[in-house]
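One chain comes next, on its own, written as structure tokens: the form predicted on its own.
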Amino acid sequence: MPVNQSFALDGENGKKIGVSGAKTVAALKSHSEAERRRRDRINAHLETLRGLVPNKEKMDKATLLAEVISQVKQLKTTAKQASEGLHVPMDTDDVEVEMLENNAGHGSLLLRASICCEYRPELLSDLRQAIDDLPVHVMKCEISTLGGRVKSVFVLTTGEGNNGNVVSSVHAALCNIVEKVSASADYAQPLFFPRKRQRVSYVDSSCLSS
């Protein structure tokens, strides 16, 4: 009994090939075309990078990427230096606590603590509660925002005889707040502060201490 077979014509050499072979050829051509478009996009991006780096000499891809990495690191360093003392919120969550002065004769410490994270409506109340639970008093508080990020910097003092592990206690309390903010990120309300705008405000210490 004769068997019906379907054939397709290979456009490159004019030979007849089976249907499965035709599908294979079509898939290979599609893959080749997708790969060509991918290479074109990569080359276009590399040309853009070449136009951004100060070095105008012809560079191979590896040298170009190394130069871009170096430039980005330098820009980050410059940005960090420029923002020192300005308390500008950064893109990464951060908690820092340092001792400014140790008044051993009076049994007290002077600390500076900072927390940087996403803004949440409950953030200030959480900060107040955390500080109320610590053996410290707020002498100064500065809060700055940039887009949806907020950075709070506190100058704190301890009472006499309350030194102990107060630095680690303050650090742990602020870290807990950052973790809480991160955990609630998926359920957060719309950001109160407008995007891409910085605000700096000084808050009376009585707002954050009892």
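Remember, predicted model here, so these are calculated numbers, not experimental data. Numbering starts at 1 and follows the sequence shown. Whichever C-alpha set is largest while still superposing within 1.5 Å between the two forms counts as the rigid core.
Just so you know, the form predicted together with the DNA exists too; it's not on screen, but the next bit is about it.
Using a 4.5 Å cut-off to the DNA in the model of the complex, each of Glu35, Arg39 and Asn43 places a heavy atom inside that distance. A single residue from the set Cys175, Leu28, Val53, Leu65 has any heavy atom within 4.5 angstroms of the DNA in the model of the complex; that residue is Leu28. The DNA is not shown here, but in the model of the complex it comes within 4.5 Å of a heavy atom of Asp60. Once you line up the core between the shown form and the other one, the Cα of Leu28 ends up 2 Å or more from where it was. Taking the rigid core as fixed, one finds a CA shift for Lys151 smaller than 2 Å between the shown form and the other one. Once the cores line up, the CA of Glu142 ends up less than 2 angstroms apart between the shown form and the other one.
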